[in-house]
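Okay, so we've got the same protein chain twice, two forms, each given alone as structure tokens, structure 1 and structure 2.
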Structure 1
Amino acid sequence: MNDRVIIVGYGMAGSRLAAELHARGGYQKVTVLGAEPHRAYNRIMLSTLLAGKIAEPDVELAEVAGQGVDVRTGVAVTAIDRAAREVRTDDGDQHGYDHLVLATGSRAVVPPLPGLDPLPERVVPFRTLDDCRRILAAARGARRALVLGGGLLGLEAARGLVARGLDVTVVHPMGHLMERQLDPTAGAVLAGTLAGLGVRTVLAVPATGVAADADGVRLGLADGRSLSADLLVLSCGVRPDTDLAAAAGLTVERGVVVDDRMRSSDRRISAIGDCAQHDGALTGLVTPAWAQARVVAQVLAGDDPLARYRPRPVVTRLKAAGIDLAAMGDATDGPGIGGPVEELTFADPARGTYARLRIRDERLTGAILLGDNPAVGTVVQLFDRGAQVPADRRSLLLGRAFGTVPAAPAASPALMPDAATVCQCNDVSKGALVACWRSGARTVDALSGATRAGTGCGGCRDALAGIADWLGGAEPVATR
């Protein structure tokens, strides 16, 4: 009954679903209709493309076309006829379905500022591969760039353009960068880090309008200033692309409303990725989109008809050359609910390092880690799984525990206990070496020959020499 599956959208969610269905070797005929003219690509890598480190083919995702999956790119779906169970496309075609999956993604928000309708040539949103091409075209020969929006994507764009040698300023209406993920202190440390990389930030001032001509673009600000540049990148958020779903009469709030199996109000239509709204929430991230694709594949292919999507907590991660930021949970909120909150903080602004962790009932409920935080991997995993935090909290900030580490090799052989193993390979203790010395072995080679210490990996030869020296010096006063 699900023989003909149509996937609308060939972005990261749609292509993943096609691959998941293909991997299950199902009996379905799968058709993917993608409005963009390209192969599926990895949106996460666009900022790297912007930075000029890779070429366009490098962002392509695994291709499943021609392996039982019919992929048609450059074909936009214009309407869904739910009664006839078919979709119409802009090339005048019609495709019947037994099950339809909407993976239409989201669109960049263009703020309602004077001068942006229509979009001037030097003003480009940062969302798609085509956007990326336009930005790169505008950046050619350019010296200065403005980025409107100091959220995650805006900062990634800024970082990419700086890598191209441009002079970049980020304009953000809020008091600090990434205000949804960061507290003001973290925002300030991040701004400092960006400044070190050559990205200027203008904060707490809304933009009022854009004026663009063949020579450049000017961004007017509410404080009366006006910033000039050769191009302006817009990064003012995204909005789920729900037009098709709404026109077809599906339940749509901010996104297409879906249940745990990603089904919309029509059981024959699912939605995944940015366009879907599950349990009241939009995701806007790849990881949940891929998890949703998996659920739909399991249901459609029949290997787990009762599969359910279970959202995982969101971890925001910004990692570009010179920037290392992880933010998750309630680190920016007030007291919240539950038991008493433990706050761990560490700040070293001069070196761009900041950490703030919130712990409640032995569980990590939120964290901001910026800069060099060696335990970031551990923190992310503890938060992700709701696992119990270490007894020594400092290990979360500093990457190692204190008080429980194995005793460091004693600086002086005199302080080493007799039972301490000097040579692991041959299980020789300090006591055995001392006894050997007393029975006449007075050189490193003699000690080694008699005890086999140092004959395995050879790593303890220096320690042996130290003990021989110590014994040599201690001998005259040894009275025991």
Structure 2
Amino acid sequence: MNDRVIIVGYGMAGSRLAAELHARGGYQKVTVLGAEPHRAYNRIMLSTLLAGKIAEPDVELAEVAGQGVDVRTGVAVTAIDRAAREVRTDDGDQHGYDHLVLATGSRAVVPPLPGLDPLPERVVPFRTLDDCRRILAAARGARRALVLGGGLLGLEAARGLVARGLDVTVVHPMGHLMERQLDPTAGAVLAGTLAGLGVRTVLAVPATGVAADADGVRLGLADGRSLSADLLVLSCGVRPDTDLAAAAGLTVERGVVVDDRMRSSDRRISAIGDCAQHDGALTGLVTPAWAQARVVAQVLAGDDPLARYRPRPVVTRLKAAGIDLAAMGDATDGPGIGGPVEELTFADPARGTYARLRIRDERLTGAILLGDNPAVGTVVQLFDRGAQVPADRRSLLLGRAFGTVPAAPAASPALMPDAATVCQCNDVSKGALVACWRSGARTVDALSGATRAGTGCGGCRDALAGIADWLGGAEPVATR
């Protein structure tokens, strides 16, 4: 019996698990212990908050409310007693559990550079809502900002600060931006696009140290240069927060090692989200974290005691004002796995456009689409479903519509098959949206509330609105 479930962490993974358990109406008493003092919030939207496009209430996630769920914020768990099946908190309390779920997330990596221990006031990591508040406070009255790290989050932070009117330079030690998702050509095109938007880049030069005082902050580089600014934002990656698990004697490698049911080496303790390591891999993304939360809820509530987590292909999106990027699969220069690979590329740096497709056995194994490409919706669907690519590859590379799947989500929802995934974060299909519409959810907000579509990264909101408009115009005939 799992009468008492404790969830450690009230981020995007922990809050989703609490909601999943509450929705199942089981017999569990669920206690959520969150170290941060805030309501659960959408970490993905922090860069949009930084840019001033939304306000703090807009990043809050829906609260879990109702009998059987006790949410306590500002309470940090300090120890796990596996023998007594208890957790201890920093306020002196002890909480017994029948099943414990670790959703402790990850922490921003602070590089071991001289001048960063302790962190100066003008140097801020970009990871949490409090970090975002500190950056915004430091940006008031500032003219120049440096961002250390040219990955996805660093570029989103840079774009947000430019939107605030700051002069921004991104410093990245690798030869091109977003090297985990992009090849060098795509990285160069992206750098050009960013330059046109007011973001300068300094590449292939490691930082050597930081000096900060009342007048500003200076970042030393390995080539002897020193860059000055009013603010330095650190975006140097994250590290799974496994301290509690390790101290409790659980098996920990890079993350808390879990099986297909998200159980740790102690079967009464599960781990989900950033802190979990499944099949040797970390996730770091919201889509797999929410899928893992669903599996744990199914197991604990008894809906499906044999439920297993199966990772799905991951699509990385960078969608900010002036930038539209989608990267998926093995689109970089690695050899890939399997037989011969068909490669197609197109580049138009002057227009900020780049496309690269990798095809094996008539299926997409990877893609990079940067710039205005109407085929991005089609490419994502083909990759996500493992469907056969069209004979005319140019339709994907250059964006000309083809076949029965629209080149853009809003082009013609009537042509989308019911199985087409509209919301990647929550795995919501067009068919599920049609069913909810017919059940009475007749607005975008109602469809989102019923299915959770659009509550993750927000990238599908336009597609969701297009489907709602189409549904409002005529009762559709289901297609498959």
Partner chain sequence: MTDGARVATRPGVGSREAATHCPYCALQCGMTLRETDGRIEVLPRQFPTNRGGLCQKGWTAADLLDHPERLTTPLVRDPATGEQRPASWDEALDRIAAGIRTVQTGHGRDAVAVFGGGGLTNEKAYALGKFARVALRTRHIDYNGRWCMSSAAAAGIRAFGVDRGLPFPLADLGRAETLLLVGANPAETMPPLLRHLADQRQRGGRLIVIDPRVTATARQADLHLQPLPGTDLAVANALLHIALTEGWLDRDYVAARTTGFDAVRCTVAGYWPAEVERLSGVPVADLEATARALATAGSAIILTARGAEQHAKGVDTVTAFVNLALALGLPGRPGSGYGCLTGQGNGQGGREHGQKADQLPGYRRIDDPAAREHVARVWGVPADDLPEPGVPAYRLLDSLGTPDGPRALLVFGSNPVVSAPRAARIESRLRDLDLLVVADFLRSETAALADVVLPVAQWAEEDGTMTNLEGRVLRRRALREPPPGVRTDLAVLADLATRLGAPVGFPTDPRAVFTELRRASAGGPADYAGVTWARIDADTGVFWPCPDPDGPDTPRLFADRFPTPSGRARFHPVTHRPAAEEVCADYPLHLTTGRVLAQYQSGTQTRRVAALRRAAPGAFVELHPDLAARLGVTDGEEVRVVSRRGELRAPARVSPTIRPDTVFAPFHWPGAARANSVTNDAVDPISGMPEFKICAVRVERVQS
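What you see is a predicted model; the values in this text were computed from it and never measured. Take the two forms, superpose them, and find the largest set of C-alpha atoms that agree within 1.5 Å; that set is the rigid core. For numbering, take structure 1's sequence and count from 1.
Novice: Between the pair I just shared, point out the form predicted alone.
Specialist: Of the two forms shown, it is structure 2 that corresponds to the form predicted alone, while structure 1 does not.
Novice: Could you check, with the core superposed, whether the Cα atom of D445 shifts 2 Å or more between the two structures?
Specialist: After core superposition, the displacement of the D445 C-alpha between the two structures reaches the 2 Å mark, so yes.
Novice: Using a rigid core alignment, state whether the CA of M12 is displaced by 2 Å or more between the two structures.
Specialist: Superposed on the core, M12 moves its C-alpha less than 2 Å between the two structures.
Novice: Please report, in Å, how much the Cα atom of C460 moves between the two structures when the rigid core is superposed.
Specialist: Spelling it out: core superposed, C-alpha of C460 shifted, distance 35.6 Å.
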